[in-house]
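A lone chain, given as structure tokens: the form predicted alone.
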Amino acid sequence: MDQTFLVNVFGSCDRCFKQRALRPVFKKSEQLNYCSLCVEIMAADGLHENETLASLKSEAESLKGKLEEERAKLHDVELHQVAERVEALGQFVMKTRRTLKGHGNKVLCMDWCKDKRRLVSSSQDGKVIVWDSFTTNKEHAVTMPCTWVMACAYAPSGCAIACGGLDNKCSVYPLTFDKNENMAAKKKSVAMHTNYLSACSFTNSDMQILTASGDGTCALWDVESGQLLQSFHGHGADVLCLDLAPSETGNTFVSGGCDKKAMVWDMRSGQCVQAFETHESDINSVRYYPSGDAFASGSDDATCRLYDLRADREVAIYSKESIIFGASSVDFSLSGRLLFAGYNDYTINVWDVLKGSRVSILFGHENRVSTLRVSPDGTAFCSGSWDHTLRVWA
């Protein structure tokens, strides 16, 4: 029962005014809450003669099939075949260099500060802690008004953190080194979703924040005013993860969710520009390749996959028959040659991105690995786990 969230919102339907389970519907970007009966009626309203929802659905499926066929024609060679000429990676040893203890429950999320030293983590105990990863000291701690703080992020300037979870909000806390300062008093509620917050990330400035939610949407917010700048609709279920394109001018981000889809979005238009649907279960984590031309995903189907945006298709699958547990979190090394993936069987697998083979397996956590991030300078990575600890590996 650990990860079951009540998704239905009950209330008065905006169309028939009856008290029912509601679904958000968007008309010209205005959100309305309709019951499922009214959603069906609305969908049927715009049908032409002799058209049914079923016939339109099958037409859409056949068009999808044709698109897949066209894509397949361009698929001439596998990535691992091209990489056969590339030199194999030598042996490398990575071990736990620091263990960060202090959370009273499952660690759910973490993020590095741009200074390559500090990191923020959030937990099921409602605590958000800022650590010095060199000394393992705790520099700040915030107690959130809810448990299950599923998302946290460090601002690019290093002067603020953002976090949220089952409170459906994203809150920003400024960080100061005045020991007597009450951080909770300076809290600013920025984003408001109709369901739990699953992920958040600052854009290239402290002034905008991108959020993903169990309500099936992503949204871009102005931190100062709390105003919604852009919303992103297209996922058919909870959005679980997002990642911003790495370039300074990048205006795209990728999201993944319970509908098994990974979607690439244009932040300016709010439109989905590419979508990939090859996973067989929920996508728990997405991360851009350092060049920004590809991204990796980790899923409950026990695989990680690499998607090339220029080729517009999946180019590699990282899996083994012996791996039967889901991948909860993925991240690339700084060069992009390695893919680190945390799994629900307590391990971290290190994959050779080009050859598709596993080059190392790291043991240490005593419960499932829930979050994993490579440090900004690429010298280490940090993993968080349901065993209440974080580990810094190098």
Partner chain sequence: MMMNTLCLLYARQCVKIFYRHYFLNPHNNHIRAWSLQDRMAQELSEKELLKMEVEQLKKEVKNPRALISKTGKEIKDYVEAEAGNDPLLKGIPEDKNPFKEKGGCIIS
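Positions refer to the first chain, counted from 1. Computed from a predicted model, the values in this text were never measured in an experiment.
Another form exists, predicted together with its partner chain; not displayed. Remarks below refer to it.
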Name the single residue among 317, 302, 228, 245 that comes within 4.5 Å of its partner chain in the predicted bound form, judging by heavy atoms. 228
So which of 281, 251, 291, 137 gets a non-hydrogen atom within 4.5 Å of its partner chain in the predicted bound form? 291
Are all three residues 63, 217 and 378 in contact with its partner chain in the predicted bound form, where contact means a non-hydrogen atom within 4.5 Å? yes
Contact test in the predicted bound form: residue 259 vs its partner chain, heavy atoms, 4.5 Å: no
Looking at the partner-bound form in the predicted bound form, is residue 76 within 4.5 Å of its partner chain by any heavy atom? yes
Contact of residue 205 with its partner chain in the predicted bound form (heavy atom, 4.5 Å): no
I'd like to check something about residue 32: if you look in the predicted bound form, is any of its heavy atoms closer than or equal to 4.5 Å to a heavy atom of its partner chain? no
Among 341-349, 363-371, 32-40, 327-335, which stretch sits within 4.5 Å of its partner chain in the predicted bound form, heavy atoms only? 327-335
Go through 49-63 residue by residue and record those having a heavy atom within 4.5 Å of its partner chain in the predicted bound form; state none if no residue qualifies. 49, 52, 53, 56, 57, 59, 60, 63
Residue 50 to residue 234, Cα distance in the predicted bound form relative to here: closer or farther, by 3 Å or more? closer
